[in-house]
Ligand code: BDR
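Next up: just one chain, as structure tokens, the form predicted alone.
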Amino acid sequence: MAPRALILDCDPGQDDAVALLLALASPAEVELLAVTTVAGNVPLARTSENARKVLELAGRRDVPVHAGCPRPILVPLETAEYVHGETGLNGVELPPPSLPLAAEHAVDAIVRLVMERPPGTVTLCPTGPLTNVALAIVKEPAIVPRLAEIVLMGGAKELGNVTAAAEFNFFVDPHAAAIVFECGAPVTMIGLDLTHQVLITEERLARIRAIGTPLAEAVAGFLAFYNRYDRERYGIPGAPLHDPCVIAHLIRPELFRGKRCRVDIETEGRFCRGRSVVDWWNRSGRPANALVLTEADALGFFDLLVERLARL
């Protein structure tokens, strides 16, 4: 079977960086057409720089990086340096990238790549706020029926992580999230209910470090920093490794379980802005618009991740 063509739309962030590396390490399953960056975990200049740093760390200067939107559609940008550090990749010192940014804006690159490829062959993988993806849909609605699917990290069936109600990516740009879930493309949602089962314990971090390569040492370094905030905040044995679950699902879908249901995004609520309202029991009777994944085989996930990082 030919590898699945994908565009990784991200806001690196340590967990986005691991998602990017997992995709690069899996050429038999995925073909990474491009990386598009958005403001989220840190501002756009940082996310665009970090994506290029990670590509150079993996020796993959052939993958273009397209900078996208520097802020959400309607609301002010809120970032998460309190989790990821000032650079977004705190915990390791990577050299400044020599790889230049591609001249084409991320929104235009998404539209072009989807339209020039055969219908049903390109998967969008957003792991940050959905601003770029939403604006690509608004700019060229013809991309929607041509997509294979949108597999995203965001939302929650239960509690949020940036507010009591909302997950960070959807909170940062709730209007973009609403556009994506209403667009009609096949959507797979990987939210906090799942990612909080995939924890970076000390044992798992040691497995990555034991690979013994400079790349693995760098990954262990920035994950050790990333591990601090959520571990202390939630009193859990390690931070959730959110974004790589998107790529792992494409490579090994049997590691994840969920069901199709209706998801709506609260855009205006005083207390619930960015809340993903998951109609798990179909109380509304409205048609499902997403596959919501809620269970993960964490051991299988980390076996996959360690095996793939050892390839780079």
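The first residue of the sequence shown is number 1, and the count goes up from there. No experiment lies behind these values; they were computed from the predicted model shown.
Another form exists, predicted in complex with this ligand; not displayed. Remarks below refer to it.
Colleague: Only one of Val180, Val198, Leu192, Val122 has a non-hydrogen atom within 4.5 angstroms of this ligand in the predicted complex; which is it?
Modeller: Checked against the cut-off, the match is Leu192.
Colleague: Name the residue from Leu130, Leu89, Met153, Ala136 that puts a heavy atom within 4.5 Å of this ligand in the predicted complex.
Modeller: Selected option: Met153.
Colleague: I'd like to know whether Asn161 contacts this ligand in the predicted complex, with contact meaning heavy atoms within 4.5 angstroms.
Modeller: Result yes; Asn161 sits at the interface with this ligand in the predicted complex.
Colleague: At 4.5 Å between heavy atoms, is Thr36 in contact with this ligand in the predicted complex?
Modeller: Result no; Thr36 lies far from this ligand in the predicted complex.
Colleague: Check Asn41 for me: does it contact this ligand in the predicted complex (non-hydrogen atoms, 4.5 angstroms)?
Modeller: Because a heavy atom of Asn41 falls inside 4.5 Å of this ligand in the predicted complex, the answer is yes.
Colleague: Within 4.5 Å, heavy atoms only: does Phe222 come near this ligand in the predicted complex?
Modeller: Answer no; every heavy atom of Phe222 is more than 4.5 Å from this ligand in the predicted complex.
Colleague: From the candidate stretches 209-217, 70-78, 100-108, 164-172, select the single one in contact with this ligand in the predicted complex, where contact means a heavy atom within 4.5 Å.
Modeller: Going by heavy atoms within 4.5 Å, the stretch is 164-172.
Colleague: With the partner left out here, which residues of 224-254 have a non-hydrogen atom within 4.5 Å of this ligand in the predicted complex?
Modeller: Sequence-ordered list: His242, Asp243.
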